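Take a look at this one chain, the form predicted on its own, written out in structure tokens.
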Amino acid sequence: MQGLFAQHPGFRIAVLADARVTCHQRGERHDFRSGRDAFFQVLRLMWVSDAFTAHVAYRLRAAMLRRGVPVLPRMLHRFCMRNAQVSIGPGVVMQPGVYIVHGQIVLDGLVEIGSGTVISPWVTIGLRGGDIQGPIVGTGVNIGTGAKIIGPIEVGHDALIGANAVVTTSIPNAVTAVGMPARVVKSAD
């Protein structure tokens, strides 16, 4: 498990990238002028968004797990579940620059999420019964409200997963997938 924790990006780099993407997605200034400005922007985002607070707590938890800190990571996980209804398992590796729109999400299993991905509320990304390998979500993916991405599959870069879609098979790059089960309805070609 320690090898998995080593895959997590550094805390400072990841939080700054997450803050930039969050500000950009919210239509706010995302070009931080200095380290101090970035620090205050992160604090401001944590004040106004429970989901961003949970995201920072996830990053801190990942850093603690990488260093073998006991008990505190579990307390942070409980804090995130209680305050923002965000449950991100220890096997989830999010690259820097992921935007969590609101809370009410579950990410669990051996899951990887690429930079630039937008995760809307009520999304589940995780396991299929009996298999701990979860999805690999590419960069720039937009996951609509209520979508479920389940099992050892891949979602290609720049894909759009529609609201309430149930994705159980791999999705190619730059397509739109909707429905239950999800099917490709539009290609970028």
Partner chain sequence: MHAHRQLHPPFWEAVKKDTHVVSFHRGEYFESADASPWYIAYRALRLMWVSDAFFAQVAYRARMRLRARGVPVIPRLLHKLSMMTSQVSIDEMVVIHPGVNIAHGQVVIGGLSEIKSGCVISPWVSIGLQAGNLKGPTIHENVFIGSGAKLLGEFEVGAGAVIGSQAMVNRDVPAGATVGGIPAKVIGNS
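Everything quoted here is computed from the prediction, not taken from an experiment. Positions refer to the first chain, counted from 1.
Just so it is clear, the following notes concern the form predicted together with its partner chain, a form of the same protein that is not shown.
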Item to check | its partner chain contact at G179 in the predicted complex, heavy atom, 4.5 Å | outcome: yes
Checklist entry - Within a 4.5 Å heavy atom cut-off, is S115 in contact with its partner chain in the predicted complex? => result no
Next on the checklist: in the predicted complex, is there a heavy atom of its partner chain that lies within 4.5 Å of any heavy atom of L43, even though the partner is absent here?
Outcome noted: no
Item to check | S87: touches its partner chain in the predicted complex, heavy atom cutoff 4.5 angstroms | outcome: no
Next on the checklist: Can you tell me which of 143-151, 33-41, 56-64, 130-138 lies within 4.5 Å of its partner chain in the predicted complex, counting heavy atoms only?
Outcome noted: 143-151
Item to check | Residues from 83-116 in contact with its partner chain (non-hydrogen atom within 4.5 Å) in the predicted complex | outcome: N83, A84, Q85, H102, Q104
